[in-house]
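There is one chain below, alone, in structure tokens, taken in the form predicted on its own.
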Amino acid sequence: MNGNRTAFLQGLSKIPGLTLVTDSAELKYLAKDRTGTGSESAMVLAEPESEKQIQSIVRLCREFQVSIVPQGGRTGYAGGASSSGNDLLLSLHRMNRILELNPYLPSLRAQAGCITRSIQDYARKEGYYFPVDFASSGSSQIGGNAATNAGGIRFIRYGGMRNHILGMKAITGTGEILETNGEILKDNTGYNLKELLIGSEGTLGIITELTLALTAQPPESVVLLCAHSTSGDVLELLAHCRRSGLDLHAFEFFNQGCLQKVAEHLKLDLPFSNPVPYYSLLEFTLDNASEEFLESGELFQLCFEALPASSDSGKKKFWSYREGISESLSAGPVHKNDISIPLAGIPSYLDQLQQLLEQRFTDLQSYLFGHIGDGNIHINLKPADGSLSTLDFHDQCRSFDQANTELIQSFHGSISAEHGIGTLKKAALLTVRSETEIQLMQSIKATFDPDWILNPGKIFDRMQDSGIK
């Protein structure tokens, strides 16, 4: 930083109404997201309640050259909200008001610190539906969802955050307010800056407010839990759903290791008498097409067993087998990959992934699950037994990431489907994006944030020799 640390903190304390956290023990905890990565030496955490306060913070940080790390619910898995050391953590949790409902679009306008579930509950209470949903909806913030372009379990029917953001407000790295119009559906007036900010992980601007598109509440549905002998059968079931005209709300999958873990963790009965390699979880509209689908011979050719649930309690129980997986794996070290593979290539990719693990990484146990209906697979690695040290585990995971990145590229996939790049995938990004693409991104970053104070070190580093000032 430039100048005196004391003078900087005094400047912050003079911003009217701003809450600051300086206790070292609190900062140590607040400086990390769910990855547990990052520095434990953040300088201060600020909790603004208004855009005016954020503007003052940004301008002061710019004067003293202090980095800002915007934080939502800190539920991310890429290190995007973790401290880099000696920086200011900016928590949006006090900016948590729902501001306006527009019944004509329909849409709602909300501050970025609103918990995702509070948005969902408000929409439902008013007779609408906000469909972006995931296991962390009870703790993630809607601004963080936008900053990471979160996807979730209903992407296959509704799309992700990008599909539901009509407008936004954000504070740039110069302290200016950038506002895009969320009151209209058609606006073809130059570059769409809103789309740049979505998924930018707090590196271009601090999102403070969102106008979110709502939809009608979903129709009555059925949840179907299926057991499969191969991943190919899972994909063929998806194709059968498409041919049958099924109105899919979700199409998830997980392997036997995940089912065993979640059943033990949540003390659930195993749903099938015999274990199989893969399971799929489908939710779809209850209509004529679904009734024909449930009675089709092809369904039972692709599944050992298929269990339907139409009651609320039954559907909730089936969903717990899928939504409880991340929590069930959280005890002890875990390494997460969030990837996307073209649908037709998924069975072959999973076969080659298994070969890679068996041949080169025998000390690692894999747990696979995800939104397979849109090609998104979550790869979770844990030590296969207790003999692997934490250091050796992380070394093996780094080696795995390098090998897996090459494998993903060979299938024309993506190293990050929905979690973002953060710090954990920075190195891999340089291998999957061209030098020209990286330089263009740096140019955009420098335009929004000329001093590189907004979440520096996330997505990519500032390259002084690139000619970008």
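In case it trips you up, residue 1 is the first one in the sequence shown, and so on. Model, not experiment: these values are computed from the prediction.
Below: the form predicted together with a further copy of the same chain, not depicted.
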*Within 4.5 Å of a further copy of the same chain in the predicted complex, counting heavy atoms only, one of 418-426, 38-46, 398-406, 63-71 shows up; tell me which.*
418-426
*Does each of E209, G314 and E327 have at least one heavy atom within 4.5 Å of a further copy of the same chain in the predicted complex?*
no
*Of these, Q10, T447, T19, T22, which has a heavy atom no more than 4.5 Å from a further copy of the same chain in the predicted complex?*
T447
*Which residue, Q359, S387, T189, N274, has a heavy atom that falls within 4.5 Å of a further copy of the same chain in the predicted complex?*
T189
*asked:* Even though the partner isn't displayed, in the predicted complex is H228 close enough to a further copy of the same chain, meaning a heavy atom within 4.5 Å?
replied: no
*Verify the contact flag for S443: yes if a non-hydrogen atom of it lies within 4.5 Å of a non-hydrogen atom of a further copy of the same chain in the predicted complex, no if not.*
yes
*asked:* Is T203 near a further copy of the same chain? Define near as a heavy atom within 4.5 Å, in the predicted complex.
replied: yes
*in the predicted complex, S82 touching a further copy of the same chain (heavy atom, 4.5 Å)*: no
*asked:* Residue by residue through 95-117, which ones have a non-hydrogen atom no more than 4.5 angstroms from a further copy of the same chain in the predicted complex?
replied: Y104, L105
